[in-house]
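Here you'll find one protein chain in two forms, each presented separately as structure tokens under the names structure 1 and structure 2.
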Structure 1
């Protein structure tokens, strides 16, 4: 495609994002992009667009020679993958916002791009209005990328903000999020961490060349966080955020997970409130950089789709430099983490698995401890998600072997043992 070529779009889905894109395109005539046909499940439903645009026959879009771009913004990940595959094989570029589909089918999608030579862009699939994928692709050499941590789910961030600022219990904050449209009627994908984990899986590919199925990453959501946990955090001048984190260790391997975490008041992520997203990237010579913006909603997500459409006019495609042109990094679970754990009954906690316990508070109705544990214990077991147990990572939670030995020695010295 060249900069003067008309983009003729076949759009799948006309929900919040699809309708947002339709509106945004009406306001950006300079892009020379128009929607020819929209495929939806119920074409007879009344919509804020001409009835002749709509069909329930996907073949009318996939086999139309005039349509040179397919935009896919539906919530059925299997159907989305079928649409993407057919479109690319039919010589059409594709723009998608379906993080679950991309995360679960990334190896097949990479193969399709190599086979067909077509562009497949998905800036809208992670952090909506924040151009994080394009920046990771173009700007950061992975040998210099030390770490990346982010708030990538607006629904959970809204709930946690309200728990802190309005002192709400989790269930009341969730209800408020649903009433305001920030959480789905079935909020499981958001509150239990699935959505954030899918986004993180695909961002790891662009950051470190790690193409890992999301099921292989350790993650949890905020469903077990209690008002009492928020009170402990406030007492220590921390906030609680659902943080996606990746860090290159001394051995060159990468630690990565999505787990609630205590965040200090001076951490850039502590400024990310309500439905906003934020990404902090730390690299060799640029130090820390902070990206901030709306992570959900009609127009913010449509703006990311629009950015991808604009890039298609310049033949843009992801090169996956960290995967194809560097030696891809390897994921590891061989490190330790400092955690806060609150629970009802110690018998549900394998406390003997901890390297050591730094704090122990048994007098409250809700007991809690702070200790250091090997990450494999969390990766391979689920006790920390069960029996009303709440696990929150400490600030800067990752502890490597060398550091662990120093800390152990110090704790023994303080105890007067050596």
Structure 2
């Protein structure tokens, strides 16, 4: 695309993000980008934009030779995939914010980019306003990226903040997140961890060249967290956050998951409140770096779309360097995790599967234990999400094989067992 050429946009979707982009573009004339037409599902709905912009006929956008960029910000992932495929095959660049669609269709999307040579950019799909995809793609060398730990879903972080700081009920906090335009139209995707997991799947591709279907990652949301868990966290001066984590193990393979976690007061993620997101990256020589910004909402998400539009001016494309130009990393489930588990009845907990148990509070109204278990027990089973059980990973939860024996001995000595 010529750097001076007008970007003529066909926009799919006029919800929180689509309308946000429309407003943001009105305030950025220097970008020389304008929306020619907007395709929406419900043409009768009253919109805050001239009626002649709108249509419900997608072909009017996809087959318009003037339109050189399609921006797709709808929440139906199958329809989004069809739009993206047709647009790229018709020689148009595409900017998208559909994390579910991208995570679930990654292999086809990679093929489409190779076949058509068109740019397909989606910075808005993970951590909204934080430029994390482009940084992972461009800045961090494969060998040097030791770990990433992040809050990637604004709604659940908003809900946890409002519940534990303002003592709001879960359902009221969720309602507020919906009213503010942070939540997905199906809020189950936020609350039960699907959205965070989709984002993590695509960030793993840019960070480590791991192109795993999100269904193959272990994840959970915040739906099982109880007031008793918050009380334990407070007593220990921890916060509870929905944390996405990835760590390169000694054997070079990557451990990755999205599960609620206790976070210490001095962890940068403990400062991430409300709809903000944060990403802590540890890399060789640079040590720790922290990215912080709004992870949901109309303008923050539109700002990432805007940045992608401006990148199209210089033909920017993701190269998927870690996937194509390096040896991609492999995901592994062969490690251990230290977990906190609260439950109603011990019979629902396979406690014999634990390597060892460090704390055991059987007398509390809400019983809980802290112990170490092989990650496969979580990856391959769902007992930890059922029967009112709440599992929260301990701070620094990952324990590698090589450390296990030493840690077990130390823990049993401390407990006076050996």
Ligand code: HSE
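What we label the rigid core is the largest C-alpha set whose atoms superpose within 1.5 Å from one form to the other. Quantities reported herein were computed from a predicted structural model and do not represent experimental measurements. Positions refer to the first chain, counted from 1.
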property	result
Structure number of the form predicted alone	1
Core-aligned CA displacement of residue 316 at least 2 Å between structures 1 and 2	no
Flag for residue 167, CA shift 2 Å or larger between structures 1 and 2 after aligning core	yes
